[in-house]
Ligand SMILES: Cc1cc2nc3c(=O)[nH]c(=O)nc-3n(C[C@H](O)[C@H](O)[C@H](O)COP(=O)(O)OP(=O)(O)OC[C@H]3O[C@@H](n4cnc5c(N)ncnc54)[C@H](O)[C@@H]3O)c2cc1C
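Just the one chain here, the form predicted alone, laid out as structure tokens.
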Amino acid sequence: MTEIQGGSDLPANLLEAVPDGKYYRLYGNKFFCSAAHADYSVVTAKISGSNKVSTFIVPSWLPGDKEKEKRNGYEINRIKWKLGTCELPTGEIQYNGALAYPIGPKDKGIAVAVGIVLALSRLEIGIACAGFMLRASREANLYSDFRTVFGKKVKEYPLAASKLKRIENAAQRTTAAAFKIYDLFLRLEKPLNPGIHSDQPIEIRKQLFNLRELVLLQKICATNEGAEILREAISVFAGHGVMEEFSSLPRIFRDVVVNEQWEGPRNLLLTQIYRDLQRVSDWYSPEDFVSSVLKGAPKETVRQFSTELQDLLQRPVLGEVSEASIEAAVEWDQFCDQFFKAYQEAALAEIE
């Protein structure tokens, strides 16, 4: 999806799809392509003469006899060097007439790409982050029970014990919420169709909207806290914590930081959540949204977040840069973290 002038701004992309019978040929450059070794790719492009983005499936090899297959009109210019997820090759790709198969409505390419592809990937990032934090908790607890310093085990020092407790709590909260969101995903029929349609029953629309926003919140909040938790776990190991041959934590830390940035960086998704809540306010009030998402949380907690959300949606969070808009933006960022943590705590309380 990413082009050098576009990044997260998909409408700015220039890759061209030229009609060829009922299929298309792609021409242009994609700057940041994950899983460059895949047999099939989802690619966004603009059909010749159109300013709307469409979505295509592009096979890496032309159809035909397996032994005689040829690469499908594209070149991998180079492999990118990334901070983390290094086992997943990310490349810059040049398309020179690659055969492409259109999927979804021609003028709804962004909705198809974001609503189906990115939504699932963001959901998976949240689940992966839970796994990362559980691993960090396990490793830190085992090491603190094994390592002796100044005649006492690491876990017997209050400062270390407080870190271990925080790491474990964060891992449990994150995991409980990840499974609760995934449970909602499984219970909704075809939840990743692009858009939320007005002809659906109101309760289904609300549940689909909850899922959409929870996936976004989990993606930015779990990865952000995940990086903090990995740093805490590394500190339990002291010098050993940064030794690649001793611990998996440095690799996991890098992976968390990468997951925090791709599939929508924090500021982009904070903006999207804010716009989503404004867009549905005529049929889904902020108070109803908070009550639904935080079902099972203490009434005072629900009341507090409802009041804060109603206030923030009237503030210039997305306005021109000013002292007022900067202050509102900071409060919105903090609200989303605190709100999702309350959701995590409610999910963990259900299990306990």
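Start at 1 and count along the sequence shown; that's the residue number. Note that this is a predicted model, so its numbers are computed, not measured.
Below, we turn to the form predicted in complex with the named molecule, even though it does not appear here.
Of the heavy atoms in residue 262, some are within 4.5 Å of the named molecule in the model of the complex. Though the partner is left out of this view, residue 33 does reach within 4.5 Å of the named molecule in the model of the complex, counting heavy atoms only. Residue 267 belongs to the set of residues with a heavy atom inside 4.5 Å of the named molecule in the model of the complex.
Although the partner is absent here, residue 116 sits far enough away that none of its heavy atoms falls within 4.5 Å of the named molecule in the model of the complex. The stretch from 234 to 242, 254 to 262, 156 to 164, 221 to 229 that comes within 4.5 Å of the named molecule in the model of the complex, counting heavy atoms only, is 254 to 262. Though the named molecule is absent from this view, in the model of the complex it lies within 4.5 Å of a heavy atom of just one residue from 94, 210, 278, 271, which is 271.
Residue in contact with the named molecule in the model of the complex (any heavy atom within 4.5 Å), chosen from 169, 85, 141, 247: 85.
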